[in-house]
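Given next, in structure tokens, is a single chain: the form predicted alone.
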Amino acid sequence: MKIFVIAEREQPVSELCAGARQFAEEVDLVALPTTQVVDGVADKVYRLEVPEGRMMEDAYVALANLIEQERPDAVFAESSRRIQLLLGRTAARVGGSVISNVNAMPGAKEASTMYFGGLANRKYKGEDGTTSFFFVRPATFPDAEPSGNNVEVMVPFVEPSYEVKRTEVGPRVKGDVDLPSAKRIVSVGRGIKEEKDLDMVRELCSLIDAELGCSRSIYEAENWLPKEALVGISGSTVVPDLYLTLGISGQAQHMVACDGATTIMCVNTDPYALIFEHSDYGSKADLYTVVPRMIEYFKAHPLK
């Protein structure tokens, strides 16, 4: 069995290659020019060539040709926007099935995904004789280890019939949040009363080198934080060393996206909040008391 992995960031590269190795004798990494290739994770590294100034998704013809030539049984992919665009066009060209939001894989062509807001799982199986494409969520293969020699092979760019043209480049006003790579995350929910109160949470984040995340209510109802800060089934899945929640109730739609964290801590005044069932440590005090005290403590005892 042969499995292709396509990812951009170092952590997904390692995780997906390790997961693929559980099922396949050959694991090959397909790397974009921006991919952070890790040593010893795959048997081959197919490096897609993309001319300067061209969009990454225009490499779909070269990738489709490679898949048709090598005929992998499956492709395990990181669910980044760029890779979604690239693989969407590739799968349509080769006639492969695409399954997204995968949170468990009992087999190389078998997958479970969450639906009904994370309250249930739906099972899929890729068709035999075709290449199946799986967008796999973080922490799906927590105990697997990658291996390989990383023999690099260049894949020349093939001009597509229709190219995607970049007409304008502008600054990203929002979206500088990088939750999937964060080692520490502080997430806020309905317990935050006013938008200005996020300033004290940001101060805490700066003291403990954490990213600021949120529940759906803060992003969607209040619009206080960008989509990239949303932790949940419709946002980011995160696997930090520390996940601290402030005023988050702990509904399934949120917890399915953070239960891979090493340590979960919560602060919530509701003693019956579901978040306590998912947390390693919890406080039933008011976050407006706890957060200032944490700020005071870490100012006096900086993390090393």
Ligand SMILES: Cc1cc2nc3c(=O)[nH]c(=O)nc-3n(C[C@H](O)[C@H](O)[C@H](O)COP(=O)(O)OP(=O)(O)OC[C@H]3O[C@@H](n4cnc5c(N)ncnc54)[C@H](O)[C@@H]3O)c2cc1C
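All of these numbers come straight from a predicted model, not from anything done at the bench. Start at 1 with the first residue shown and count on from there.
The form predicted in complex with the named molecule exists for this protein as well; it is not shown, and the discussion that follows is about that form.
- Interface residue among Gly126, Pro138, Gly232, Pro146, judged by heavy atoms within 4.5 Å of the named molecule in the model of the complex: Gly232.
- The single contact residue among Ser80, Ser100, Ser217, Ser112, judged by any heavy atom lying within 4.5 Å of the named molecule in the model of the complex, is Ser217.
- Residue contact with the named molecule in the model of the complex: Glu68 places no heavy atom within 4.5 Å of it.
- Put simply, Ala273 is close to the named molecule in the model of the complex: some heavy atom of it is within 4.5 Å.
- In the model of the complex, the named molecule stays beyond 4.5 Å of every heavy atom belonging to Arg122.
- In the model of the complex, at least one heavy atom of Gln251 sits within 4.5 Å of a heavy atom of the named molecule.
- Note on the interface: of 32 to 40, 45 to 53, 59 to 67, 264 to 272, the segment with non-hydrogen atoms within 4.5 angstroms of the named molecule in the model of the complex is 264 to 272.
- Interface residues of 180 to 202, taken as those with a heavy atom within 4.5 Å of the named molecule in the model of the complex (partner not displayed): Gly189, Arg190, Gly191, Lys193, in sequence order.
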